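Next comes just one chain, in structure tokens: the form predicted alone.
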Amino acid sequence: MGPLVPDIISGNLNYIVALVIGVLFGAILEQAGFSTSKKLVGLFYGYDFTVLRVFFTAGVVAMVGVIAFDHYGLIDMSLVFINPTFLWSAIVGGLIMGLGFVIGGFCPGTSVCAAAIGKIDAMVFIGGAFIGVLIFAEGYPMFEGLYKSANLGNPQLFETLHISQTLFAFIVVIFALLAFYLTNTIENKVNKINQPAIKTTPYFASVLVVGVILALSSFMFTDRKADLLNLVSDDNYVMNHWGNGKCTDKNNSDQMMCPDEFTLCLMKIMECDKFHIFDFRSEKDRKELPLPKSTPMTIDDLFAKEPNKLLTVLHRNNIFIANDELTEKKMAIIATELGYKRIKILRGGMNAFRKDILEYQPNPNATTLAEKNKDMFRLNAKAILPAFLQKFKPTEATKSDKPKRVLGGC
């Protein structure tokens, strides 16, 4: 169930929902005539292109839907499995699949649909498929060279063509509409029907309207990551958009945390449970100066679905840490645009923290009580913090809690 699992639909309920959807999908296939081999092979002989139209429609709707889900952060594309491309095995497998489709009159999915309503030829087809699977499995050592040849990785067409994802989606939808027109023309000629490929009927009008809406909507769902990265690419905008660097300014109290306030929380870490640190520094910097109650984070993690669990904890401030304030502000702006709240940054970044706290030099000109207390506090922090923070140094055995891409595919 894609983006609905596990936030809305639990893992166990997911199997039940998948079963219901599978049954409904099979029923729709049967009602569309896909349990009849004559209708399926009509694609190859030119007298019936229902198969092409149905699956092309499903493809473009799913494509635009995935782009929309990704745009609104409902699906984490980094966790979506993309089948690797092995060129020669794909070509050979495609030829075998196509030949079996023409001769048997079914594809694997439609054969199960037909067998479910008692079609004997479909049952024989499924039996042949099992025999083919057995032959491939037992003869895998012999086929392995071909199977793994010409590994192209996980290419995506829009990246290969060096165009945007939205433009590619628009082109595919337009191509689908043109394919519908062309196949109607071919069908009419093969079946000797003397009528235009497109008629002024509600059916054709609705198909055209839906197709145009799908094509244009692809431009609405722009690449969220690219847009936000472009937004924070202007350093002047970033520095002026998120505070002014003065953590004593009341207008910035919800955006900035002073090094002294941050130090106080670190020194009373067991009592200070109203904040969580998201550390955007490199792994090397995190090892040299570890921070308690911190989670390693990258800019890519902000666009992933999993961090949502930590960034949305109620009544807790999210402190973004980096070596410099500019990087912190960029990450904070992106997180805010993505809908996360209660974001604070450390004024001056860790560079300022090192200078003001860990490398602090006594102030000989401290005269007021506030200045003397500040001087005493920083000297005390400088003495105890370095050894205290080393207790939180990550070990080599620490494993990442990041979710991994689930293998699978059709």
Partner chain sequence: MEETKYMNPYLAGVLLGLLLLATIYITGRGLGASGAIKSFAIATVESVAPAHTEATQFYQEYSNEHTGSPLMNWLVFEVIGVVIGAFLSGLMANRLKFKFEMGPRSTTKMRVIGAIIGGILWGIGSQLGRGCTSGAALSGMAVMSTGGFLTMFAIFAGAYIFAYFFRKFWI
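A quick note: this is a predicted structure, and the numbers were derived from the prediction, not measured. Take the two forms, superpose them, and find the largest set of C-alpha atoms that agree within 1.5 Å; that set is the rigid core. Numbering follows the first chain given and starts at 1.
In what follows, reference is made to the form predicted together with the partner chain, a form of this protein that is not presented.
With a 4.5 Å cutoff on heavy atoms, residue 53 counts as touching the partner chain in the model of the complex. In the model of the complex, at least one heavy atom of residue 27 sits within 4.5 Å of the partner chain. When contacts are judged by a 4.5 Å heavy atom cut-off, residue 296 does not count as touching the partner chain in the model of the complex.
Although the partner is absent from this view, residue 209 stays clear of the partner chain in the model of the complex, with no non-hydrogen atom inside 4.5 angstroms. Remark: none of the three candidate residues (231, 239 and 292) comes within 4.5 Å of the partner chain in the model of the complex, counting heavy atoms only. Contact annotation: the partner chain lies within 4.5 Å of heavy atoms from the stretch 64-72 in the model of the complex, the single such stretch among 64-72, 352-360, 368-376, 337-345. Put simply, of 80, 313, 267, 226 only one has a heavy atom within 4.5 Å of the partner chain in the model of the complex, and it is 80. Site annotation in the model of the complex: the residue of 193, 205, 163, 133 reaching within 4.5 Å of the partner chain with a heavy atom is 133. Taking a 4.5 Å heavy atom cutoff to the partner chain in the model of the complex, the contacting residues in 99-122 are 99, 100, 101, 102, 103, 104, 105, 106, 107, 108, 109, 112, 113, 116, 117, 118, 119, 120, 121.
Taking the rigid core as fixed, one finds a CA shift for residue 23 smaller than 2 Å between the shown form and the other one. The Cα position of residue 180 differs by less than 2 Å between the shown form and the other one after fitting on the rigid core. Once the rigid core is used as the reference frame, the Cα position of residue 86 differs between the shown form and the other one by 2 Å or more.
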